[in-house]
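Only one chain comes next, encoded as structure tokens, the form predicted alone.
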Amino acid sequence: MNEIVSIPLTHLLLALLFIVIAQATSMVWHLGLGRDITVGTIRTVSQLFLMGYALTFIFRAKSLPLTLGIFLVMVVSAVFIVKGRVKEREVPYLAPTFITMLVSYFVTAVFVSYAIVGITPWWEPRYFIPTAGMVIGNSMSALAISIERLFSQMRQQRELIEMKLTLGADYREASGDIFISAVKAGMIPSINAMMGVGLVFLPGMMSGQILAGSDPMEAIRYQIVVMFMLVGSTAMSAIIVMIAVRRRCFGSGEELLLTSR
């Protein structure tokens, strides 16, 4: 194994040059992203260092309640991020989203850690938490895209949906095309990532293992598992959430509840 090269704090500060480039681009082209870039930078540094200290403690403690606690915090945080991206007030979508994320991500992380990697106990934090984090991060973005697409297209095609309902279609038939389009929109980024992995880019997990001195062939096996895991978990969570949220877009008499904006 190769020795891990530590990054000194002074060298870490050099990475801020990339943020300066992003800020300059925003200023020169009047993109209006300066505040978001600044807030994102501060949150990245503070959240990652905080998580680093927390994980150091959790890895040493090897406690099931602590492991599940950090998992719950990650899911709750993901739900709030989805809420921040999806500006919807008429349809209560957060409850089904949270429940689906909590259950599907937990099952996926346990299956990968215990059945595929073969870790005992299944909640070994060094494997369970990173696995859950990758699933949550990827599926969170996919769900936000799918939910936003569902609501926006429902409103854009409101008259068409109501016409189908008037002609005798149920809510599933009236919104079938929109449902499929929303689920596909969320899944496409993960599928595209599978198309280019290895040839176009080296994913973060694989690169991190190689930088840490792991055998590239072993890193590849882990990355294959991760890519399959992300696509499967995204498909599962997107379908379940879309089914639940779509139903909430219609009333008890299957009338469309979303109003035009």
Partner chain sequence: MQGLSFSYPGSAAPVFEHLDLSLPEGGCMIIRGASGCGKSTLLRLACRLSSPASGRVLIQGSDISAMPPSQLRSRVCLVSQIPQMVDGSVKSNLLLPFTFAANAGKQRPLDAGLMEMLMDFHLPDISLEQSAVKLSVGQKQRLALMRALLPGPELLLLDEPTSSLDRESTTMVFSIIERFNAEGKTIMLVTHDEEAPSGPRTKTLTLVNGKLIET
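Note that this is a predicted model, so its numbers are computed, not measured. Residue numbers count along the first chain shown, from 1.
Note that the form predicted in complex with its partner chain isn't included here; everything after this is about it.
Asker: If the cut-off is 4.5 angstroms on heavy atoms, which of these, Ala169, Val107, Ile119, Ala185, is the one near its partner chain in the predicted bound form?
Answerer: When its partner chain is considered in the predicted bound form, the option within 4.5 Å is Ala169.
Asker: By the heavy atom within 4.5 Å rule, which residue out of Ile99, Leu160, Ile191, Ile81 makes contact with its partner chain in the predicted bound form?
Answerer: The option sitting close enough to the partner is Leu160.
Asker: From the candidate stretches 234 to 242, 5 to 13, 247 to 255, 19 to 27, select the single one in contact with its partner chain in the predicted bound form, where contact means a heavy atom within 4.5 Å.
Answerer: Checking each option against the 4.5 Å cut-off leaves 247 to 255.
Asker: Does any heavy atom of Glu148 come within 4.5 Å of a heavy atom of its partner chain in the predicted bound form?
Answerer: Close contact is absent here: in the predicted bound form, Glu148 is far from its partner chain, nothing within 4.5 Å, heavy atoms only.
Asker: So, Arg126 and its partner chain: in the predicted bound form, are they within 4.5 Å at any heavy atom pair?
Answerer: Although its partner chain is absent here, Arg126 would stay clear of it in the predicted bound form, with no heavy atoms inside 4.5 Å.
Asker: Contact between Met154 and its partner chain in the predicted bound form at 4.5 Å, heavy atoms?
Answerer: Judged by the heavy-atom cut-off of 4.5 Å, Met154 is well away from its partner chain in the predicted bound form.
Asker: Does Glu173 make contact with its partner chain in the predicted bound form, using a 4.5 Å heavy atom cut-off?
Answerer: Yes - in the predicted bound form, heavy atoms of Glu173 and its partner chain come within 4.5 Å of each other.
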